[in-house]
Ligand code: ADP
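Quick heads-up: it's one chain on its own, the form predicted on its own, in structure tokens.
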Amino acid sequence: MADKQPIYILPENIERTIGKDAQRNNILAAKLVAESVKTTLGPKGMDKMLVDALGDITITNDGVTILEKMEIEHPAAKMMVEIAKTQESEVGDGTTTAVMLAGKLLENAEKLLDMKIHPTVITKGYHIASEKAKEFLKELSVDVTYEREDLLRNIVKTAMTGKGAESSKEKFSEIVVSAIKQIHENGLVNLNNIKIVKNKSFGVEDTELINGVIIDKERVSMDMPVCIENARIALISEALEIKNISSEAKISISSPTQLQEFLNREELLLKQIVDKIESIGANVIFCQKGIDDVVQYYLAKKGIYACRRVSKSDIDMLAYATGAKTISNLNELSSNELGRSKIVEEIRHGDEAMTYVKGCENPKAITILIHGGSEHVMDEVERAFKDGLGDVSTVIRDRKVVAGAGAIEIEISKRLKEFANTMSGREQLAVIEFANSLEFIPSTLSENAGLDPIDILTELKSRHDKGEKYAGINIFNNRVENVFEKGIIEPAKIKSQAISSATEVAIMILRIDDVLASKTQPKSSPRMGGMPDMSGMD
């Protein structure tokens, strides 16, 4: 009998990993991603310095920023980055928590795989535990309304603690809460109506809230006034210049007189534009397109302040802030379409000039102006503000908060273990491992603060067993105490979203037992340290 020939069903450039190897490979990649952000968690978390191929530096401890800048290639690791992005877009904070929880769920699942428990049993148990954890979270959350400014400020302080903005968190929490309350309408908050502008001058503590909008433009002519009080603002989306004649058109001029008349006529039309603007009482113009030199001259002569080529987004912000209506046809411009503010002025910091529109009555668009000594400092303060704004807008929308500092994770873990004791079947083991995964958060918080995580966890469990459901680790005095009373609180949505995202990605990775990867040309850029070589996977 002839020897059997091997049969190839895949092309040569396909690398295949099956069974346990595929599972362990993916779990290892996910664990490495979680490890990479672990040290950034909490008030005493450390920062990462990320340098890209061009030499640009980012210094941050924001989970999603770190993962986005790391240029991760492993497909399972990329899935971890996705949950961080989802957490950021949905809630605006808690990205590190979500990634760490997913990594720990997979690490603990590995123990169950070693016990010969089938992945589908583990995923079923994780799904049951996730649903139950969200039920417990709902029971443990406390209702809050947007009138409770003290609680809202505490939420911002918790979000900003451990970031570059921590030194001024008292002031910044007031700025965030004031900003949200200003633009809040019928329980809805559109964070796009809060503009964050960075200015390299003074110190971080000089950051301020402007009741209006700052435009990164200067006046078009040096002859225009630098400051206009009691501004009446016109927003124009068309160009303040003569429309270009089409290429098909012909103008027949047979004498110098006719040429002069043609030029005079053009100047007259441009002057009429300015007369129209002056007649309705406008003394400030923001134009989305260009402004002719002749128009600039006449505007300056009449003491009207003008900016050109203002972006569509800035025009919209000005409309929200001042109450003006954007006009696309100059003939329709009337005093009813004008917006108002107390002051419009050009302010210079070094070589940069910006236009400040301040003192708007009841503005629905406002600006947070961040000061700082360097771009890196201001970038990190901006990320802290975005976390704080995201947290407060989430609370105003969902009206639920929970105790922070690891208290909520320990309490849910305790209740999940009690629930697991009522179950039969192997899923019980998966629920217990899910509960153990939640303890990773308070354990890491204490470890990052230089404390012994075993001692802290033991004390936390003991206090929660006695019924102290708000007992958490207060990193500022290194004691286990009622953190709700101390104002360490977070939006419930952060925790529920983190649990959902982490569980979904863990279940998805656990269900993979076969990886087919197309081999590609090796890239020159180094991969993430210690990560399995599976570049080029999709």
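Only a predicted model underlies this, so the values are computations on that prediction, with no experimental measurement involved. When you see a residue number, it is the position in the sequence shown, counting from 1.
One more form of this protein should be noted, the form predicted in complex with this ligand, which is absent from this view; the next part is about it.
Contact with this ligand in the model of the complex, defined as a heavy atom within 4.5 Å, holds for exactly one of 444, 394, 96, 207, namely 96.
This chain is drawn without this ligand; in the model of the complex, the residue among 296, 182, 168, 161 with a heavy atom within 4.5 Å of it is 161. Only one listed stretch (285-293, 418-426, 401-409, 452-460) carries heavy atoms within 4.5 Å of this ligand in the model of the complex, and that stretch is 401-409.
Although this ligand is omitted here, in the model of the complex all of 41, 473 and 495 have a heavy atom within 4.5 Å of it. In the model of the complex, at least one heavy atom of residue 488 sits within 4.5 Å of this ligand.
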